[in-house]
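A single chain, nothing else alongside it, follows as structure tokens in the form predicted on its own.
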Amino acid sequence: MRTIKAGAVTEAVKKLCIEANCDLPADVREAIRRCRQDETFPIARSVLEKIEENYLIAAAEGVPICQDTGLACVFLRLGQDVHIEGDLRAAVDEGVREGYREGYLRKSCVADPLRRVNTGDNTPAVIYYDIVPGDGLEITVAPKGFGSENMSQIKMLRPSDGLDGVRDFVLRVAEEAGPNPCPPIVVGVGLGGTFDKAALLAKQALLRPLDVRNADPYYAELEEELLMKINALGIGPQGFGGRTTALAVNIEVLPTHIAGLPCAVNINCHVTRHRTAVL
């Protein structure tokens, strides 16, 4: 049994909050660069150039890529042979608190969905726990802005809806989102499980590198097909038109019930932020 002190978790989360908000992952940068090179519509190309300039300045100066520094989503892969010395949730929240304060990141969390009073420190974090073999702790911080989160949807399709039903739903969600989620977007799709699990799968899909396709060729082909069709919508960067509406479509799948076909679509903007550390 290995022991990890809660203070180490706090330090890691603090650092990840700041880094995730200021430095875009390499795979996302490369996807934007490639789309900018391939974009033939002058306005769209110009917008993509500005997006590149923005994230380069953010990384160089250590400032947020976007003013919406997101709700703190924290994914914990906790080894079953690890003991956390202290309160794990409190340690994560303290890391978020310190990271958002020291990084001068906007605090966007309200304590109650209806009464709307800001907590003042972007806590509590939204934490997802996964117990895995081993004696390590993998922490991923993925700040989620709500311009894109608000465009996400879930639908309990019928098994008879099949592949066509999934295609139609994903495309409809992307089309209805339009310019609102600050395209070019990344589209996470969760298929299977239950109502809630499909939504989690869709969010986890956004953590996969944009240049890595689903390991199952059937779903890898569907990812490419949906990306092509979403880009054919012509919404374009920031909604000004063009061939670059989405950077990638990532699909994650789980077994489900014989009577159901849950399908969730979690939209992210081009600032698809996430940072990982292993303790």
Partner chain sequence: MEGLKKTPGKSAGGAAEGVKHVRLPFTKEQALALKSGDNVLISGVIYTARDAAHKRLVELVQQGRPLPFDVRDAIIYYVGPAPAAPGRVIGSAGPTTSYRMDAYAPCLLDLGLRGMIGKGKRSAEVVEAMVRNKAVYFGAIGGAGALLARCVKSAEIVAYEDLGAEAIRRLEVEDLPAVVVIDCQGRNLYEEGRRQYLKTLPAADSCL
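Here the structure is a predicted model, which means the values were calculated and not measured. Numbering follows the first chain given and starts at 1.
Keep in mind that the form predicted in complex with the partner chain is missing from the display, and what follows is about it.
Enquirer: So if I measure heavy atom distances to the partner chain in the model of the complex, which of the stretches 27 to 35, 208 to 216, 228 to 236, 249 to 257 falls within 4.5 Å?
Expert: Checking each option against the 4.5 Å cut-off leaves 228 to 236.
Enquirer: For a quick test of understanding: in the model of the complex, does each of Cys17, Ala20 and Thr119 have a heavy atom within 4.5 Å of the partner chain?
Expert: Zero of three within 4.5 Å in the model of the complex.
Enquirer: Decide whether Lys107 counts as a contact residue for the partner chain in the model of the complex under a heavy atom distance cut-off of 4.5 Å.
Expert: Lys107 belongs to the contact set for the partner chain.
Enquirer: Taking the partner chain as it sits in the model of the complex, is Gly70 in contact with it (heavy atom to heavy atom, 4.5 Å or less)?
Expert: Gly70: no contact with the partner chain in the model of the complex.
Enquirer: Can Leu222 be called a contact residue for the partner chain in the model of the complex at 4.5 Å between heavy atoms?
Expert: Result no; Leu222 lies far from the partner chain in the model of the complex.
Enquirer: Taking the partner chain as it sits in the model of the complex, is Glu175 near enough to touch it, meaning that at least one heavy atom pair lies within 4.5 angstroms?
Expert: Yes, Glu175 sits close enough to the partner chain in the model of the complex that at least one of its heavy atoms falls within 4.5 Å.
Enquirer: Considering the partner chain in the model of the complex, which of Leu76, Cys182, Leu201, Ile154 comes within 4.5 Å of it through any heavy atom?
Expert: The option sitting close enough to the partner is Cys182.
Enquirer: In the model of the complex, which residues of 62 to 98 put a heavy atom within 4.5 Å of the partner chain?
Expert: Those in contact are Val63, Pro64, Ile65, Cys66, Gln67.
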